[in-house]
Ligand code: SAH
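What follows is a single chain, given as structure tokens, in the form predicted on its own.
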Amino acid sequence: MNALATKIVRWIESQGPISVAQYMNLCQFDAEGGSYTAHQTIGRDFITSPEISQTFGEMLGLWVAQTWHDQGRPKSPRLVEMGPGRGTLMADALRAISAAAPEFLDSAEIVLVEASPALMKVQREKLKTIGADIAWHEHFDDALVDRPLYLLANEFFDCLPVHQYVKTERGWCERMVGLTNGGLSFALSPDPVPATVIPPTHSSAANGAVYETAPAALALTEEIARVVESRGGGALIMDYGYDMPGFGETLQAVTDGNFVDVLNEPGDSDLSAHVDFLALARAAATTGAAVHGPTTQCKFLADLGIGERGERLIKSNPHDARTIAAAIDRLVNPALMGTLFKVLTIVPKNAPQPPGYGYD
């Protein structure tokens, strides 16, 4: 049992069982043992899309440039990336923006939202020669709501905490983390949650059904959409997830590329859950903003021109042709990342249709 597990056990012994969402927060953000605040796990446990091919970040940079241009090139835009990992996506995006719309960067403020001190150091090193002033924020906060917002969130929302509810004979009960023989274990709350917690459409679920919801993700999406609607800009959310209602638990833990027990050695693995894109879309729509998608990553990137970009790269680097082609195929192949990963776009209600949806 590692130090964080011991800390959580003592917490439960004194306070009682905690929710799955509380457990995820402790695993990720505990000051001494959290995977993001105390360790640098991005890149160790997951290979994210920007690390697979430079074309991914370039496509997102071109999306920003085109969206900004289509909206009349508003002054003083703010480019924000949520959870920027090693900084690779932002580096590739800025290179593409600089080539396609250098005037965007003349007055743009660039912000990376990052909770990990270790990753901030990696990002600063990666971006130190990029030729742009970059600010870091620990959270998406009130300082980021006063300008046109162009926001990129790739593989960020899957890390936000989820609550899990299980249908039982006595009603929907929240899944908790408690103790069995001194070790961490899952259990159900003895009393069912109020009916208002569960969507009415779920009332006919069979016993044993699991309903996951991520209030933090919904609140953040609504906040971002409100800024986009009032100030202009656009938000692009890309992640693995689902776009149809249903039941099931998706919480997972990964260590060194392998799936492990969620309760084993907390803080030493990356915890994540599949994103409910329909729920995010509904949250964004409550602000009056226009919501496009969710669609699949393969359709979105194809419409942005990732195939054509790949062909140009291969022509310039013929010796790397097989590697370049394989990397792009991994991003867009429906059997790999192409359909598992979804894309949701938020723009002001009167804005032109954003790039990436020309196939509709």
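Just so we're clear, the structure is a prediction, and the values are computed from it rather than from any experiment. Note that residue numbering begins at 1 and tracks the sequence as displayed.
Keep in mind the form predicted in complex with S-adenosyl-L-homocysteine (SAH) is missing from the figure; the text below concerns it.
In summary, the region of this chain contacting S-adenosyl-L-homocysteine (SAH) in the predicted bound form, judged by heavy atoms within 4.5 Å and restricted to 113-121, 174-182, 100-108, 250-258, corresponds to 113-121. Proximity to S-adenosyl-L-homocysteine (SAH) in the predicted bound form, defined as a heavy atom within 4.5 Å, singles out one entry of G267, G85, G233, G241, which is G85. Three-residue candidate spot F186, E212 and A273; no residue lies within 4.5 angstroms of S-adenosyl-L-homocysteine (SAH) in the predicted bound form by any non-hydrogen atom. Taking the partner from the other structure, S-adenosyl-L-homocysteine (SAH) in the predicted bound form has a heavy atom within 4.5 Å of a heavy atom of Y36. The shortest heavy atom separation between T48 and S-adenosyl-L-homocysteine (SAH) in the predicted bound form is within 4.5 Å.
Under a 4.5 angstroms non-hydrogen atom cutoff, S-adenosyl-L-homocysteine (SAH) in the predicted bound form lacks D141 among its neighbouring residues. Remark: C159 counts among the residues lining S-adenosyl-L-homocysteine (SAH) in the predicted bound form, judged by a heavy atom distance of 4.5 Å or less.
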